[in-house]
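Presented as structure tokens, the chain that follows is alone, the form predicted alone.
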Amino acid sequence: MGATSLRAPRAALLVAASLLVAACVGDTGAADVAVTRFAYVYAPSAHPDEPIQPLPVGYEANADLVRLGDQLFHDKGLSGDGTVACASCHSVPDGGDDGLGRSTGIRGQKGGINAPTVLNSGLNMAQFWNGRAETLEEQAKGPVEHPKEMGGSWDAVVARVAADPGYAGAFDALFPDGVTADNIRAAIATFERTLITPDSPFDRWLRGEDGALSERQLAGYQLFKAAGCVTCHQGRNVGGNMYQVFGVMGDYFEDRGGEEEADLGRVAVTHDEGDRHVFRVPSLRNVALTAPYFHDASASSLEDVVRVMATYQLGRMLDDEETALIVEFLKSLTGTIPATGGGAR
């Protein structure tokens, strides 16, 4: 079994004496929960009363399991024809998504919704736009067997992984029951939890570095709060911790030109008409890297995003300068993108 690993940027080491550790263990279904135990490591905030708090500065996890999950995440062999990996739609160096309005799956098929970022996804209350998966382990079940995504089967994935001596040896060293679907998903989910992006200018400011934000970024943050954006976009992930209807102050979908299947939101999960057009509020972390925006990819720029949100969520019009200030604040949420092995087999 690999030793516990802590990855943290240099800034985190300066506050090592006062680090706070918070456990985060998903319902993995794996045979050995101790192997999959995961904890984020936090540094104290210099602004504890702010509605947004810093991301973790590191984590504690089984290093061997993280490396295994990294390999599986980048392995196209998990798809039905060996052409698509998790990383195909969630490229870590490129912001955790693919930059496309609709992702390309097996046999060149297009998906029906804008792929969300995998970065900082371990801090979300649920996964997918409609929140149909409560954990990253549960989220990992779907794409492998989705006919337009990876187009395979879990039985085939388990057989293929078990037949690989390198994989089989790694699983045997970590889990008493070796290669199973649950253990594969546990490895992928553990790796995904490591994909935090600390040390953004805004996080550095939250931790007490007064010069980390420009005057315009700080003014944009104050406006972000005053305008009401922070009502839904708060917490460590600047979102990801609540559900909200898209179109509180106006009918976005009628104005856009009509409703499509991807617009249903939570109602597709709960079958409660009150959940129509209700989505998990997306995280704004690294949002400058993840265009196009919204579940329907209808916004191509941050300026478009701010104007749409102001109109349909807040019921107000922002002028060009107000819009520009909020965009400057959003840009300050770009953190350090984690390095990955990307070691596909």
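Just so you know, these numbers come straight off a predicted model, no measurement behind them. All residue numbers refer to positions in the sequence shown, first residue = 1.
Keep in mind that the form predicted together with ligand HEC is missing from the display, and what follows is about it.
Student: Given that the partner is absent here, does residue 214 sit within 4.5 Å of ligand HEC in the predicted complex, heavy atoms only?
Tutor: Judged by the heavy-atom cut-off of 4.5 Å, residue 214 is well away from ligand HEC in the predicted complex.
Student: Is there a heavy atom of residue 222 no more than 4.5 Å from a heavy atom of ligand HEC in the predicted complex?
Tutor: So residue 222 does not count as contacting ligand HEC.
Student: So in the predicted complex, is ligand HEC close enough to residue 233 to count as touching (4.5 Å, heavy atoms)?
Tutor: So residue 233 counts as contacting ligand HEC.
Student: Would residue 67 count as touching ligand HEC in the predicted complex under a 4.5 Å heavy atom rule?
Tutor: Flag for residue 67 set to no.
Student: Can you work out whether ligand HEC is within 4.5 angstroms of a heavy atom in all three of 41, 56 and 207 in the predicted complex?
Tutor: Result no, not one residue of the spot touches ligand HEC.
Student: Heavy atoms within 4.5 Å of ligand HEC in the predicted complex: which of the stretches 80 to 88, 268 to 276, 196 to 204, 168 to 176 has them?
Tutor: That would be 80 to 88.
Student: Note which of 139, 180, 71, 241 lies within 4.5 Å of ligand HEC in the predicted complex, where distance is taken over heavy atoms; exactly one does.
Tutor: So the residue touching ligand HEC in the predicted complex, by this definition, is 139.
Student: Of the options 248, 162, 264, 156, which one has a non-hydrogen atom that comes within 4.5 Å of ligand HEC in the predicted complex?
Tutor: When ligand HEC is considered in the predicted complex, the option within 4.5 Å is 248.
Student: Mind listing which residues of 110 to 128 have a heavy atom within 4.5 Å of ligand HEC in the predicted complex?
Tutor: Contacting residues: 113, 114, 115, 116, 117, 118, 121, 124, 127, 128.
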